[in-house]
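The form predicted alone is given below as one chain in structure tokens.
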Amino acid sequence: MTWSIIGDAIRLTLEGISRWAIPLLLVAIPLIGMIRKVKVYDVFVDGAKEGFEVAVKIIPFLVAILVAIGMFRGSGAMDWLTGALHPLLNAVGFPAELFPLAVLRTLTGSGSLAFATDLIKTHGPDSLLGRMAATMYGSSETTFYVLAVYFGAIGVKRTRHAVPAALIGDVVAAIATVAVCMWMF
């Protein structure tokens, strides 16, 4: 078996899952609720009410993190950091163009989406760098945003191991993105 056959099989499997996942959930959840005699609509409305209450609680934390991100990007700190690490990144085989995306993704979803979109427009959607940008965007999390908003909403002041664990996950996602995209494309 060649690697291209394995890659094609993985791709076809993932395409099948992505094509049927949402329709299956849209049918399965209400059906299971009806079988268990749960008032699905009432439970849905209660969840929506709780979601609105949480949204109101997180607004101050959301504003704070968005201001901090704007200051980081506007100050030129990202450009300075990327320039300083460029030789090291090239030496280990990590595309330096992806480094700002890896950093921004931990901070903001919309900022990292804008950066990924610019990379894809510049290098093309079928280029290796474009595929890496899309994969990195989809395989990592807005760590600091999530921690600030959700921990702030419930009043957690000491995050203990959450920040290091989440950042390790983001580093692994970035490294895996480059490795898997190099392997598959």
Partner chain sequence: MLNYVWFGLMAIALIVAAFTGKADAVTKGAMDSAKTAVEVALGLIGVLTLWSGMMRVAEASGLVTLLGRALRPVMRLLFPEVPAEHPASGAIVLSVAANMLGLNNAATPLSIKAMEELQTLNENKDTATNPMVTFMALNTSGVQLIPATMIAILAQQGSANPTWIIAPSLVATAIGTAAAVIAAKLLQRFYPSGATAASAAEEVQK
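Rigid core here is just the name for the largest C-alpha set that superposes within 1.5 Å across the two forms. None of the values given here were measured: they were computed from a predicted structure. Numbering follows the first chain given and starts at 1.
Keep in mind that the form predicted together with its partner chain is missing from the display, and what follows is about it.
- Using a 4.5 Å cutoff between non-hydrogen atoms, F72 counts as a contact of its partner chain in the predicted bound form.
- Using a 4.5 Å cutoff between non-hydrogen atoms, G76 counts as a contact of its partner chain in the predicted bound form.
- Under a 4.5 angstroms non-hydrogen atom cutoff, its partner chain in the predicted bound form lacks L85 among its neighbouring residues.
- When contacts are judged by a 4.5 Å heavy atom cut-off, L113 counts as touching its partner chain in the predicted bound form.
- Contacts with its partner chain in the predicted bound form, taken as any heavy atom within 4.5 Å, map within 133-148 to A134, T135, Y137, G138, S139, S140, E141, T143, F144, Y145, V146, L147.
- Once the rigid core is overlaid between the shown form and the other one, G169 does not reach a Cα shift of 2 Å, moving by less than that.
- When two forms of a protein are overlaid on their rigid core, residues whose CA moves 2 Å or more are considered shifted, and Y137 is not one of them between the shown form and the other one.
- Once the rigid core is overlaid between the shown form and the other one, E53 counts among the residues whose Cα shifts by 2 Å or more.
- Relative to what is shown, A134 and L25 are farther apart in the predicted bound form; their C-alpha atoms differ in spacing by at least 3 Å.
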